[in-house]
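Each of the two blocks below gives one form of the same protein chain as structure tokens; they are labelled structure 1 and structure 2.
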Structure 1
Amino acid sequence: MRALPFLLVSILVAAATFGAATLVGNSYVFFAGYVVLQYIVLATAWNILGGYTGYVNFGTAAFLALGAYSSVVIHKTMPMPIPVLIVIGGLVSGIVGLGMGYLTLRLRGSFFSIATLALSVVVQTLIINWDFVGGSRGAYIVRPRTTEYFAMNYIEYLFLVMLVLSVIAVFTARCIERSRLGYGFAAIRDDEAAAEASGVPTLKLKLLATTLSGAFMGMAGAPLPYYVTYLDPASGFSLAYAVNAIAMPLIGGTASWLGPVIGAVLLGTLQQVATVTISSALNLLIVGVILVAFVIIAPNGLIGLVRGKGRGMKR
């Protein structure tokens, strides 16, 4: 499929999703759906770096929280509409991603991963000590019942915003996959030294992937304060974001844009159901166990299982 038809189809799918959610008419569908959509963006963003170039980012929560806290700061100084917040959150997280990448990506891949893991702790420390955004007590965001432009229910509006964002993220990921850029990324993943020797500008491409990936995570986080209405460091930096962002692409399959989407929809929905029916701690345990089971038994994810082991690619 070419890029344009793909975009049209994804918009149609998104419109159908929104239509179906409206038909159900229960606002819980929008609440739960928002979380699943947020995970589609996070998983896709993670996969741009992790799946395409093979560099593991453990700091999803930090990038998400940077976007979310940018929104808190703006909300407290001069409130702006959510699409603007998303752009700003994306910029902030993208710049941090670039900085992290610049410091660590010239070294072995594991150094980058360790640094991202530690990044969560540091950004959380900064936020806890920053009283303006509520410190460890957290920040309250009072959101209106309806939006001013379409007189739309606010939660439906947030759902729609996240839906659009997930279409943009998935479309971007697919464009990268089929472009020279994507082949460059894949070359880095398969053999970085060989890629460098063949004239692939590896550092530049890795920095681009880190920036893009971080930016999408920040964008996903920007509307979060308005969704939860109360944001504290413990929930904003929850390890659940990091583990889900890794588990979803690995369960779906990291080689293509479809893997993170499948993983996010399956695992996201499962968790929404499990949180209501079982307990939220136990359902995180389930995610961890599924992640470990999948990396051991099905290294190519669900997509790899469907395509069959013999014929499938090595990754």
Structure 2
Amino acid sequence: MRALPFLLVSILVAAATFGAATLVGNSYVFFAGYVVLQYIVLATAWNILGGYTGYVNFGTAAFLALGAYSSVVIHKTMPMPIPVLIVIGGLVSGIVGLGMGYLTLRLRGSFFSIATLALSVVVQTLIINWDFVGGSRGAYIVRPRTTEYFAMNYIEYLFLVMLVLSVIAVFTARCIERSRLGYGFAAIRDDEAAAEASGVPTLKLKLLATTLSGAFMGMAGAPLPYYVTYLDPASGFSLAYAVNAIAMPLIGGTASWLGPVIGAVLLGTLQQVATVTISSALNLLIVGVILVAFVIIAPNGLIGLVRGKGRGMKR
């Protein structure tokens, strides 16, 4: 499927999703659906660097929190519409991603991953000591009950915004996968030394991957203060974001744009059901159990498992 037909199909699926959520008539569907859509964006963003390029990033929470706290800063100085906040959050996190890449991409393997984890700790320490955004106390965001532009509840509006952002993120990942850029990422992932010897501009491609990945993570975090209405470092830098962003592509499959989507929908839905029926404390336990099971049963994720069975049937 080419880019334009894929985009049209994605828009139709998004429209059907919003229509189905509206027909249910329960506001919690939008509240929980927002989280699942946010995970789709985060998982897709992580996969651009971790899956396509092969550089595992443990700093997801830092990029998401940068987008969220950029919204807090703008809310306290000159309030702007959510779409504008998303763009600004993406710019801030993208620039930090570029800087992080320039400083750390000469490291490889676990050394790079540890450096991204250190970035998260540094950013969290800065936020904790920044009184303007609430510091360790956190910041309250008073969101309106309805929007000025659409006749809908604000949670429904946030759901719609994140739905559009998820379409953009998935479409971008799919375009990258089928392009020369994607082939360059794959060459770096498979054998970086061989790719560099073959003339692939590895450093430039890796910097582009960290920038794109960070930007989408920041975009996913920008509406967060308006969703939770109270943002503090503990929630903004939650371990759940870092764990889920890695686990969802691994469970769905990192070699395809579809893998992170499947993993996010599967894990995100299970976590929301567990939150309502049992306890939110089980969320990370669910992720851990499923991740261990997939590492044993399907190390290449659901996509790899299905493709493997398909090849076996052809034989």
Partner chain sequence: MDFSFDLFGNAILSGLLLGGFYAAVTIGVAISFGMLDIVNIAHPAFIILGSYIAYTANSLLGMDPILASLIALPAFYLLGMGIYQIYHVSFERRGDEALRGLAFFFGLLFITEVALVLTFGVDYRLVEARYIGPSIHIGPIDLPLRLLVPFIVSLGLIGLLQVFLSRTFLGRAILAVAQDQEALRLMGADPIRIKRIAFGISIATASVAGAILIVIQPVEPSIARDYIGRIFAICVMGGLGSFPGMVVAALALGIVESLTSTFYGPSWTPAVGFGFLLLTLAVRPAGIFGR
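Numbering for residues begins at 1 and runs along the sequence of structure 1. Basically, rigid core = biggest C-alpha set you can superpose within 1.5 Å across the two forms. Being a predicted model, the structure only gives us computed values, none of them experimental.
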Requested in this report: Working through the pair one at a time, identify the form predicted in complex with its partner chain and give its number.
Outcome: 1
Requested in this report: Once the core is aligned, please say if the CA of residue 111 is shifted by at least 2 angstroms between structures 1 and 2.
Outcome: yes
Query raised in the report: After a core superposition, would you say residue 283 shifts its C-alpha by at least 2 Å between structures 1 and 2?
Result: yes
